[in-house]
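Quick heads-up: it's one chain on its own, the form predicted on its own, in structure tokens.
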Amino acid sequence: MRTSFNSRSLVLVGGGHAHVHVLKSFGMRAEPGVKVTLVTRDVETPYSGMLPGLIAGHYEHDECHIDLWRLAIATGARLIHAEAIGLDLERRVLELRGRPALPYDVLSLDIGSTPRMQAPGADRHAVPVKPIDHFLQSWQQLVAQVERTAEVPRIVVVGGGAGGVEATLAIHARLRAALGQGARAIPLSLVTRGALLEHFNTRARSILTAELLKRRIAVFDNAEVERVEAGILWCRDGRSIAFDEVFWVTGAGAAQWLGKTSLALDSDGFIAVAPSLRSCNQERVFAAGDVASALAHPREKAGVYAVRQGPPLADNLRRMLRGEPLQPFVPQKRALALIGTGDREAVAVWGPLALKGRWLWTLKESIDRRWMRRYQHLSPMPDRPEGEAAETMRCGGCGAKVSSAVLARVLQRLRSEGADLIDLDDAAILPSPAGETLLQTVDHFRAFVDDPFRFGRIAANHALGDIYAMGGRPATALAIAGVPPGAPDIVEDQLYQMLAGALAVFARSGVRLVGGHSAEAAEISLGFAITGSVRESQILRKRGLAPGDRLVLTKPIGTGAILAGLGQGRARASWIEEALATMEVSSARAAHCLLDHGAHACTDVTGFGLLGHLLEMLNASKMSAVLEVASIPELPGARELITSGIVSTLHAENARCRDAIVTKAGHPGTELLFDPQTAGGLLAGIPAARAQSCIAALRQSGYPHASVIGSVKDAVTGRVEVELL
């Protein structure tokens, strides 16, 4: 078999304006032998130019955010949803919160900045405008409160630059709309350390000051904040300003963890870069956007410069990977600033000139939307050949096993981090628990997400589900792993990341990894053979349902549709994240809860879908059931995807059991009954008198969507049937 594989790793940290261009560039023209990975704290990246319009209510969330999951799928990049917290430049690894470090050959940072909140108390009592998602959550809650009560809290915006002024005007416009015509003045104040808009020309300052005054917005200039206390902001000159809410929109600050690396930084803690956008002291590290400081060409922190850095950054990353000389990038000295006034007008500032008008808002909106269209709603880009130099003939049979040296290094790394691994022999030697029955199960599937650590967690969770469904306690696991061929260090990292993810799940479940098998494969795959045990009196089987039992489901359904949408680039980032998070929830506590409430029968909902697994229970118990379709918890987006024709490949086969449904007029969610689940929830029959207390206990135990979805009844016709309500 002839296989192409990756030998070098380009890691992009942060989904900023420059990096989205790099992703698209490498997606349109792949670099032979290079795997592109995007590491991002947020899976939706906002376009800074449209945020004031979002605050003012002129845009919806999706109009001004780039869905990084869709972009990664379309461009063939791997997405890792994690927060960077460090950089080991000597080992060439990126340190991540809550998961193993990620190795790189070339790394680029575009992680933006956050407002400097140096005044004591600001971190406790103020809401910074960045990270944007946190700010928007607070802002949306405030708007909802105003719409509900018609009472406006006292709001203070700290920051007298363009960002602070634009945010203040947008806040005023949105609250005015929420209150309606004839509302009283809005208690809104703007506080600035120096003069208002001190870096702008006189004409621009005059126009924007007049806009603030027209709206009766109080401006406190030359008012440096000394400290912030609950409900009151103190200035160094003795002035105090009462507030209910403070939004912080001051000058940009750098991520603190950068100072713990040996990267060259400027006096403000930003990464010092040469005109090529490469670090001044690390040849394999690049930076762009707010986090970068171009020492030869200093510019203000503004989105326009980050956007312009995208093409030269992509070009120089290619050159670095090819071993070619880098090219300098000289940004323009002056950029057109378009500042919205909240009412669909804008002020244009160019050097000594300034002009205001509604047509300028139209111009700004046109520029912003044109840029956004480049990175929204992309179709998957065609695979491109990687060249004969990257190809080799691969052996089959045992010649396709992962090398012993790679495997030994992986196991040593896992042991050094405290993994509970026994000394591996040709086979595992397991004790038989006294007075208990052994349980064994096996599961294996190919990766559906290009993040080996997260995939390892989900694969382990999925495999454990069968043991928990029978009321058992898992004890040991054997791994079956497939890894694409590649450079030894890349194969090692992929296998290590997968097993590290799985071991994180096993450690919480008291499971020991006792061996396994790893081999080369066309794509990443992972599975486990799990051995556990259970006391005979506690065994839960599929049979045992009794008339009147309430059917309890512990997790929402819809993972099959979401994963199909993920593969086609049609699922939203928020849908994907909700589905993956659900798959990472263990069923261990749920199983204990079901046993404590007298479960008569149980199964886990996986590949055959909710209806398929319910029918297994009904056939084994010789019972029928009533399903309340509206009570079945669903993952966000699953129904929308299925309605639009995006379904799992197993959906059609699962739908063959449609004949068991006796009420075919149906409910809009009926098709979700056939959706195959990965690491799905448990489905159990609970005595009616204990069903509601069981649901309450499940929700307290970390299963917020647990629900009673129907009931069991006698199969009076002699045929197992499912009635839909």
Ligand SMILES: Cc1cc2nc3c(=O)[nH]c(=O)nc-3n(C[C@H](O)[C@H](O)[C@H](O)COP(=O)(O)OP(=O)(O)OC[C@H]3O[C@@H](n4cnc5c(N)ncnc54)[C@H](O)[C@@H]3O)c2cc1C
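Bear in mind that the values here come from a model prediction, so they are computed numbers and not experimental data. Numbers follow the displayed sequence, beginning with 1.
One more form of this protein exists, namely the form predicted in complex with the named molecule; it is left out here, but the text below deals with it.
The stretch from 42 to 50, 26 to 34, 655 to 663, 691 to 699 that comes within 4.5 Å of the named molecule in the predicted complex, counting heavy atoms only, is 42 to 50.
Within 4.5 Å of any heavy atom of the named molecule in the predicted complex lies no heavy atom of A504. The named molecule is not shown here, and in the predicted complex it never comes within 4.5 Å of any heavy atom of A287. With a 4.5 Å cutoff on heavy atoms, R454 does not count as touching the named molecule in the predicted complex; it lies far away. Although the partner is absent here, D549 sits far enough away that none of its heavy atoms falls within 4.5 Å of the named molecule in the predicted complex. Taking a 4.5 Å heavy atom cutoff to the named molecule in the predicted complex, the contact residue among H462, K364, K555, H172 is K364. Checked against the named molecule in the predicted complex, the candidates A625, L317, V129, L580 yield a single residue with a heavy atom inside 4.5 Å, and that residue is V129. Interface residues of 620 to 647, taken as those with a heavy atom within 4.5 Å of the named molecule in the predicted complex (partner not displayed), are absent.
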